[in-house]
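Taking the form predicted alone, here's one chain by itself in structure tokens.
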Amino acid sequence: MSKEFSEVGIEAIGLYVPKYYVSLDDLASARGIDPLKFSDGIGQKQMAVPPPDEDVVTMGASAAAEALQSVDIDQIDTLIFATESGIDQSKAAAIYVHHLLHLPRNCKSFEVKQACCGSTAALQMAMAMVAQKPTRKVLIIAADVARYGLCTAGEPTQGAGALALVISAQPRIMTLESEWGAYTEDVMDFWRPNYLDEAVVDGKFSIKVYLKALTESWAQYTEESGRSLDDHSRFCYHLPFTRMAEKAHRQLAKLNDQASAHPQQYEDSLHYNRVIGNSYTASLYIGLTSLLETSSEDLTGHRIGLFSYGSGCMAAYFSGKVLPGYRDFLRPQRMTEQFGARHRLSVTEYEAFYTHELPKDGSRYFTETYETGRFRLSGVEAHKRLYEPAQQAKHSVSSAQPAAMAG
């Protein structure tokens, strides 16, 4: 590999969250639960909620459009879409995004799945592709809508969001190191059969498996890299809920014979998750974006440890180093604006969004128009999902009521 292409890493990041949310204080009141159980117990304040005309395709396309603002799309060789909220048993969500973004016709596009770790599997594939042919650039999209059911124990840990990464041999934000640790075990801690719209989860068991997977993947990572905890200055974890990072970091400290964990090593990675909720495949990388965009410290040259967990289960531990000038390629003001412009749903409005369904007989149906990102799901006809660019300023975000019929 030439000196020009001596590193593989993250060239660009795009993040998108729905423009609606429900306050967990409101949800706690409606469910007759002490609000501290949500704010202190699991560390959540708000939960992003997609409207009826938004799904993983529209969210993923909006995140990718953000990431590609400073990238020549003709250089995108491959698009990998990671999700566990798939919209078709055969056709990849990536194909729809390929069309919406007008990517090159010779850009390979496909979908991958392994619960929340699917995005990390995509990242490993992307790194190998770029290392093999350094002129390639790979676009990764991680997008999900976390659903556990109304009035269930998992309800406050729902959420939605999308994250896009451009991986290349000319990284501008972070290089990705080649040493990885992995762990796989056939367990039933979280799953969603084809006939269910909501996930089935054994919460306490899932936390136990998560920590076991962290232990095992960390052991392999340290064996391959020769690094210790002290060789990392910051840490990012998959976040099914924000307080999970505390449990995970305490476990890592214990494994390294440290008397206590240091919250400052991971706390900046939690800001976005606290007001978005669980975003499954996007969760770890939204945490990384939160760390890079909200940390008051210049992280140039710092090594970041990253732990990815996907129920079922597969896990991976890996690391990267932050590049000089990384802040020039981030847009923290974008998230400040997005969060500030979101509309707060009443619990009744949230439940209406949640229970909305497209027809399952393939009949012609047009979704009402809500506030979305750059794209929207306009409806379905003859079993075909229909997408279109969103028309700007159709209505104010101050109302959760639809602006107009789409057709």
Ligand code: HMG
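Everything quoted here is computed from the prediction, not taken from an experiment. Numbers for residues come from their place in the sequence shown, where the first is 1.
A second form of this protein, the form predicted together with this ligand, is not displayed here; the remarks below concern that form.
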Practice task
Consider Arg342 of the chain shown here, and say whether it contacts this ligand in the predicted bound form, taking contact as heavy atoms within 4.5 Å.
Solution key: no
Handout entry: Contact label in the predicted bound form: Glu357 to this ligand, heavy atom within 4.5 Å
Key = no
Handout entry: Proximity of Cys116 to this ligand in the predicted bound form, heavy atoms at 4.5 Å
Key = yes
Exercise for the section: May I ask you to check whether Tyr183 falls inside a 4.5 Å heavy atom distance of this ligand in the predicted bound form? Expected result: no
Fill in the blank from the handout: Answer key, this ligand contact in the predicted bound form at 4.5 Å (heavy atoms) among Phe235, Tyr221, Phe241, Tyr96: the residue is Phe241
Exercise for the section: Name the single residue among Val347, Val380, Ile42, Ala65 that comes within 4.5 Å of this ligand in the predicted bound form, judging by heavy atoms. Expected result: Ile42
Problem - All of Leu36, Gly203 and Asn278 with a heavy atom within 4.5 Å of this ligand in the predicted bound form - result: yes
Exercise for the section: Within 4.5 Å of this ligand in the predicted bound form, counting heavy atoms only, one of 204-212, 264-272, 88-96, 124-132 shows up; tell me which. Expected result: 204-212
Exercise for the section: Any residue of 130-157 with a heavy atom within 4.5 Å of this ligand in the predicted bound form counts; write them all down in order. Expected result: Tyr148, Ala153, Gly154, Thr157
